[in-house]
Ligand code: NDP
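Starting off, we have a lone chain in the form predicted on its own, written out as structure tokens.
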């Protein structure tokens, strides 16, 4: 099965997303933040977190689960710990309000943490950590979601896809950055593979009857598996703890139990940490890092994490977007 695509410029992607969000209850500030995040995902080739997410954002607005006019509230708990109440709003605006304070504290004290509560995160995680590394800091973040992944050895979903992202600064250059699900594949990628009729690698997940399959649509109805067996499983467990109880929020199964099932992003928490390599080490380590990267890149067949996204970012031209998706979002933009 081959899906039909249409070319859209990055500006057209942004304007379509923002207008659709505003038409369905988001105010200017929230719509701008979400549309920026979605456009940056399309720009960098992360289509499973680009316009593909807009119908879900809008479902949450239409059901009133998400407050499209939310104004996040930041509390300085200690000089290096901040708590953000996202007020049942979308996560991108909470990031705009909270990460700047996190950065300033980490630059002064060497490290700082941000606990985000009552937010609805539906995007990639690399924008948060890359922003932190633009200021010379190491960034680490994680979120949980709703049960979609069976712990290693099991066939019942308990973990979310539980992504984490990490970024290391490189002055004057793109940071080292990775953003990955602890599931064998992100849920959005499974859904796109199912939509387009593409098989996925064996071991990605199980059918509803508990059998291994390469059929993405069967896995979407069944369960995903963690990457790397028990090793990915324990990392997923760690993220449940960091993104739930540590920040005063819920485990994935609790998030699902209180959700209204509208198909939009559930309420949950996010953990974000910023560290200063200079303050922690007591010296400038940038030359040491570059020597390591030089050796890394000399190995045939390797690619620095984040390099593909950064390469895609250099292309400011139009992007190919699924035509049916464009039609859906256009209807959502124009319906009264």
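Just so you know, these numbers come straight off a predicted model, no measurement behind them. Numbering follows the first chain given and starts at 1.
Below, we turn to the form predicted together with the ligand, even though it does not appear here.
Engineer: Judged by heavy atoms and a 4.5 Å cut-off, are 49, 161 and 180 together in contact with the ligand in the model of the complex?
Structural biologist: Yes.
Engineer: With the ligand left out of view, choose which of 189, 85, 220, 249 has a non-hydrogen atom within 4.5 angstroms of it in the model of the complex.
Structural biologist: Checking each option against the ligand in the model of the complex, the one that comes within 4.5 Å is 189.
Engineer: Can you tell me which of 22-30, 65-73, 273-281, 296-304 lies within 4.5 Å of the ligand in the model of the complex, counting heavy atoms only?
Structural biologist: Checking each option against the 4.5 Å cut-off leaves 296-304.
Engineer: Should residue 95 be classed as touching the ligand in the model of the complex when contacts are defined as heavy atoms within 4.5 Å?
Structural biologist: No - in the model of the complex, heavy atoms of residue 95 and the ligand never come within 4.5 Å of each other.
Engineer: May I ask you to state whether residue 106 is within 4.5 Å of the ligand in the model of the complex, using heavy atom distances?
Structural biologist: Result no; residue 106 lies far from the ligand in the model of the complex.
Engineer: Is there any non-hydrogen atom of residue 126 lying within 4.5 Å of the ligand in the model of the complex?
Structural biologist: Contact check for residue 126: yes, within 4.5 Å of the ligand in the model of the complex.
Engineer: Heavy atom to heavy atom, is residue 309 within 4.5 Å of the ligand in the model of the complex?
Structural biologist: The answer is yes: residue 309 has a heavy atom within 4.5 Å of the ligand.
Engineer: Given a 4.5 Å distance limit between heavy atoms, list every residue of 313-327 close to the ligand in the model of the complex, or none if there are none.
Structural biologist: Result: empty, none.
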